[in-house]
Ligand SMILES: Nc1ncnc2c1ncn2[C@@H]1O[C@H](COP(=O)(O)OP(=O)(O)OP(=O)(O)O)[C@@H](O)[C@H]1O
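Shown here is one chain on its own, the form predicted on its own, set out as structure tokens.
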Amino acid sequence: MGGEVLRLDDVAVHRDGAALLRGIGWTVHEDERWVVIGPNGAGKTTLLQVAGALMFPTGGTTEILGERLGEVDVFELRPRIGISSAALAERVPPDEKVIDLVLTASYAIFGRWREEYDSSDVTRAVELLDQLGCAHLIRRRFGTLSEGERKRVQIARALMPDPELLLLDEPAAGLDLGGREDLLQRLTALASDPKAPTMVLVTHHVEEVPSGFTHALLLRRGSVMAAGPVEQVLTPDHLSRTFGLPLTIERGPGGRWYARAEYIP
């Protein structure tokens, strides 16, 4: 077991009188790959925002990469964390070229201006885009890309600063079957790379859990229903309680998971 990358102790988030997270206890180690699963409104995105130092909890303590929120300059901490999410994608200028979108991650900004980049930066950006099947898009503008292409380019950007923690918020959302399977194959390869950062992926669907992810956390109404090694957490009982209906689950070839409602004649 590697060192701690993330530790949440009794973390709560309240907004406008609503409890978005309640008493979250969660520890992530550097050699682990986590998936966070739960229904709409469970608090998954809120949890990821806390983990990414984008939101301060209203209760409890949060330690990220050895630094405690509230005691550290988050502007120094955030460049150590790679994040891909729909909210961040909305901030991308539609006329931004793909190569520039990835390069500007080094400065944690959107929109190429007058920054200077070394040839090594450009080489790394191209290599990351190639790793994610996007090398042919480097001169395209972000606004012209398909949803699947946008998701892959965002992950390349998130990896550009060589982060110690990579957070992926519903990376397969909105993709067609081919786009989803292509992305999951690439995430499976990334998860198996010993040089890759610690990863946390949020999804609604167990079918979107890439092979190679080692741990799972189930979230319902802001509370943890189960957390631990993926084989111990993704069970019919835990999933049924999390989603509020009887579910069956099985693991298919290649280590992928599949869930469906329990058939009642």
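Numbers for residues come from their place in the sequence shown, where the first is 1. Model, not experiment: these values are computed from the prediction.
From this point on, the text means the form predicted together with this ligand, which you will not see here.
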Next item on the list: Heavy atoms, 4.5 Å, this ligand in the model of the complex: which of 232-240, 33-41, 64-72, 207-215 makes the cut? Say which one.
Entry: 33-41
Next item on the list: Would you check, heavy atoms only and a 4.5 Å threshold, whether residue 170 touches this ligand in the model of the complex?
Entry: yes
Notebook entry, point to check: Using 4.5 Å between non-hydrogen atoms, is residue 18 touching this ligand in the model of the complex?
Noted result: yes
Check: Looking in the model of the complex, any heavy atom of residue 198 within 4.5 Å of this ligand?
Finding: no
